[in-house]
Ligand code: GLC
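Below you will find one chain, with nothing else, as structure tokens; this is the form predicted alone, and questions on how it binds or moves follow later.
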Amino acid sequence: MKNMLLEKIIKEFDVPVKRMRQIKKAVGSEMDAGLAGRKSSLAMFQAYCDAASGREKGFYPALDLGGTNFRVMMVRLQGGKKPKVLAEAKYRLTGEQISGTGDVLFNAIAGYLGKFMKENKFNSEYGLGYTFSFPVKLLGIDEGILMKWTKDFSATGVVGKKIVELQRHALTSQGLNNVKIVALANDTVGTLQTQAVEDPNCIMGVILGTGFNICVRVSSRRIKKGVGDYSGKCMIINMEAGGFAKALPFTGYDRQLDRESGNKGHQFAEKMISGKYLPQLARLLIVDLVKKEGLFGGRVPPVFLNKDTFQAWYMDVFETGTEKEITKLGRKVFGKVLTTEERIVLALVCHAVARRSARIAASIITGALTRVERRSARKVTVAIDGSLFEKYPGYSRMLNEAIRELEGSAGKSISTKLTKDGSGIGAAVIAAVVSANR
């Protein structure tokens, strides 16, 4: 096989510092536009709460609804120490519950919550944080309107309605009067809050996994599109960073991926960064090498015929796996032992795609840091959750290296921290922050 196309791909997927700086600058401009309510690829949704102070104490339940499987937990906050999960339970909603009426769905959720509280003898009065992982337009910290259902949910009478109002009605009908929903949470915001309750320097939360998003703590003075009756000096803003679309290094492969996606023309940054799309990009590159350079004998292996068949964890193994792991996966995926050339090409392609992801993510993160309200002039903590950051070989290192390249000596003050379970513990922390402010 010739290597001219491979060399071209590797060069095309490199993101030099000059381009990174362009992305960083564009992020700041888009943030300003979004905060002013002008047209922007960054939605900049108000979260209606500030970052945790670290002084929060007490017992706060969290309800995490992200799909048919949902969970409830009781979290104890200990004033700056690591939060403690006192009890946790997982429940599964039936097909009838997610596709019937809204009353059926929310009564089922209330029933499971009541069961959890009763079995664990939680009899006091509690403020609950509710992570509702569907497209919601927030009206305030404790209310939002469902824009549309996703993830196979289709309960009637819910789209366009106030979510918390419906759930509160169900809690009342179930006789669950000692639990009050005080916060409608977002997993990105929850990631920030989970770290902030222990680390006062945390002013940013990032999701780097199947999806990509960022939230930041900004001065309320920057928010020109209004904050309602919110009176805090600072507010967390959910950037919806996956939609960022300025100064990005688009290639023909990115445009093809976008055409083949289910949301054409949207989520451009997410399609270059997130774990959902990286294997799809790698697939497009490999197929091009097969057709134009004769990789795999010039015949496209079946695993690359469908856009969703080549999985993210395959990339992990083919880039940095042991010989035994690569041989085993090669037999599983390709039905044979890979040649040395095939192994090298797979590794180089996977690395190029992952490295570009890390460098674009670093550019957007540092761009967002230019608009944050810091709590310390010397240190900044970026809380990050997600399988890409946590598990992809070398990803966190590449991300931090790119931040240092952009920030120079100032980059030493920026610390990235793996912060798990923002949709659970984070929701409880948000409830505590809101309850303290009230």
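Between two forms, the rigid core is defined as the largest C-alpha subset superposing within 1.5 Å. From 1 onward, residues are counted along the sequence shown. Worth saying up front: this structure is predicted, and the values here are computed from it rather than measured.
Here the subject shifts to the form predicted in complex with this ligand, a form of this protein not shown in this document.
- None of 325-333, 226-234, 148-156, 117-125 except one has non-hydrogen atoms within 4.5 angstroms of this ligand in the predicted bound form; the exception is 148-156.
- When this ligand is considered in the predicted bound form, Gln267 lines it closely, a heavy atom lying within 4.5 Å.
- Looking at Ser133, you'd find a heavy atom of it within 4.5 angstroms of this ligand in the predicted bound form.
- The shortest heavy atom separation between Pro249 and this ligand in the predicted bound form exceeds 4.5 Å.
- This ligand in the predicted bound form comes within 4.5 Å of a heavy atom belonging to Asn213.
- Three-residue candidate spot Glu56, Leu77 and Thr194; no residue lies within 4.5 angstroms of this ligand in the predicted bound form by any non-hydrogen atom.
- Just one of Glu319, Asp187, Asp142, Glu342 comes within 4.5 Å of this ligand in the predicted bound form, counting any heavy atom, and that one is Asp187.
- Among Ile273, Cys202, Ala183, Ile207, the residue placing a heavy atom within 4.5 Å of this ligand in the predicted bound form is Ile207.
- The partner is not shown here, but in the predicted bound form the stretch 233-251 reaches within 4.5 angstroms of this ligand through a heavy atom at Glu240 alone.
- The rigid-core alignment places the CA of Lys137 2 Å or more apart between the shown form and the other one.
- After superposing the rigid core, the C-alpha of Met147 moves by 2 Å or more between the shown form and the other one.
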